[in-house]
Structure formats: C-alpha cells, structure tokens
Ligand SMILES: C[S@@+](CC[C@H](N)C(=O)[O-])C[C@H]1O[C@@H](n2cnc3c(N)ncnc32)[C@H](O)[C@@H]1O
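In the form predicted alone, a lone chain appears below as structure tokens.
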Amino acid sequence: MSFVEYSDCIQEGDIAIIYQSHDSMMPVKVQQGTQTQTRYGVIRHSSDLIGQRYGSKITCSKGGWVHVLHPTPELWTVTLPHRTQILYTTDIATITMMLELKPGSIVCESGTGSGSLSHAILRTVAPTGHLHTVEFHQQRAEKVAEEFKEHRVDHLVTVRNQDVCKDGFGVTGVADAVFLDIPSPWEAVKHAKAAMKRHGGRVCSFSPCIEQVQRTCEALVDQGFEEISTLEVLLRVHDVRTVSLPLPDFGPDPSAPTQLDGTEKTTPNQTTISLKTTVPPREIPGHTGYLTFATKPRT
C-alpha cells in the first residue's frame, strides 16, 4: 500500500480506511492480532482484513458491515488526526491546478501542519517529483515525517524543522512552485523567490485574513512577481428534494375531442405535479481563506 500507488489486496502494515457511512470514516493500521471497534461491531484484522481486496464489504461481529477502502489523499483529508487547522479538497484542487503541478514537479511548502495538502501534492508530483516541506513546530515535523514513512511516500518528500521566515526552505533554485500557509507569509516571499528555478514558476499563499493578503501582495510586488491575483473558493451545496407545484386552470380545451352527444370529453383535472428540484442554502458559511497566486518572471 502506498498513497501514490494502488494495491489490490490489504497487507499487514497498510493504512486502510474503514467506511461506515458518508460522514463516518476512520483510518486503521492493519496488524496481525489487532481488533478495531466500530458501531457495527468488531473487525478482526487477521481474519477480516489481511488478504482481502480493497473495496471489500466486511461483516462485523454484530452483523453489520463496512467497506474497506484504499487510502487516497482525499480520504486522508477527512480522516486524518488534526494537529492544526487543515486545507480541504475544495481549496486543494484549486491550489494544485493554479500552481500547475504535474509529475516531476519540485515543490516547496510551508508549513506542513497535519499533512493534508502535502499528500495531495505528493500524489500529483509522483513518481519523479519531490516535495520540500518546512514545519516550524518540532513535534509536528517529527510526527508528519513518521506518517510519510508509514504511508510509503517518504522517498518523495524532505521534511525540515526550521523557521521559513528566517532560514528559508533549505534549497535554492530548484522549485517549480512554492506554497505558503503561515501567519506572516510576506516575510517568506524573498525565500520563496530564492527557492524557485531561474526559468520562473508559481507561488501561492493561503491566508484567512484580508490584511495578510494585502501585505503579501505588497511583498510579491517588491520581489518582482507578476500576474498577482487573489481568489476565494466558496462551496455552495444544493439540497435535492421533491416538491409539489399547482397546475394552472386554463378552462375548457377547444381542441379536445367531443363525444357522440356533442359535449366535450372531459378528463380528471390534475391540480398538482411532483418534481425534483434543488434548493440553495439560505446562508453560505464557506470562508476558509484567500488564495493569492503570483508568477516569478524568467530571469
């Protein structure tokens, strides 16, 4: 099992995702002799998981069942243990697209946090790319490095425990793209520029407050970045439901067929019709942060 390569069968040491419902999933490390408790009963790793195919339907001890899924960055985002506030798939998809990431890309990231975005980047740049990720907090850096090794993607990533605003990313002139998710990204813009290749590249800064965006944009201009733009991704979920609508009564139909006695043939008057429709939410509490993108010109 690897987060960047698909495996057919579950093996000991794998991280598997136990799917109980759309809003109830959890990751488990598969080990001989271990049990996992779910709402539907116990899952025994030795007999229920090891050797089974990913996607299998597993019957628990109480008679209920779950599905066992192969881990992906999207599933990891909704099941990972939170050590910090994380980025979710809505923003992650926009970031990977706007940074123009592809297999073989070299990416610098700060800060690593819980590793939600990191896993998505690693899958995108695999098998020949590399991620240089910087985390200021020592214990978080050590923990995410352990997770990368456990998820078998450690050959694609280098984790550094340092202050990016003072010490930079630890590399110079190698990055195709840089991502910043720190309290004062404007202090790291010069280090981002130094880490990027001479032929240019893209940088993205994620900030929850517009004042952070303003200072970051000023720093990007001072460092010679171009095509600076800021966007906000808002998710608007529509609720699908059945509604009944009244039909208008337009009176007798002149084209309707007549009966033998000359009177108009009538049909039962249908007063309502049922149909599926979508209803938008009354409120959209969807703000996560502002994404500021810029391009380093070729030098």
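In this text the structure is predicted, and so the values were computed from the model without any measurement. Each residue number is its position in the shown sequence, starting from 1.
Keep in mind that the form predicted in complex with the ligand is missing from the display, and what follows is about it.
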- prompt: Looking in the model of the complex, any heavy atom of Ser207 within 4.5 Å of the ligand?
  reply: no
Contact of Gly224 with the ligand in the model of the complex (heavy atom, 4.5 Å): no
message: Under a 4.5 Å heavy atom criterion, is Leu117 part of the interface with the ligand in the model of the complex?
response: yes
task: Would you check, heavy atoms only and a 4.5 Å threshold, whether Arg140 touches the ligand in the model of the complex?
output: yes
- prompt: Pick from 195-203, 84-92, 212-220, 123-131: which stretch has non-hydrogen atoms within 4.5 Å of the ligand in the model of the complex?
  reply: 84-92
query: Taking the ligand in the model of the complex as the reference, which of Val153, Val78, Val171, Cys165 has a non-hydrogen atom within 4.5 Å?
result: Cys165
- request: Residue by residue through 41-68, tell me which have a non-hydrogen atom within 4.5 angstroms of the ligand in the model of the complex.
  value: none
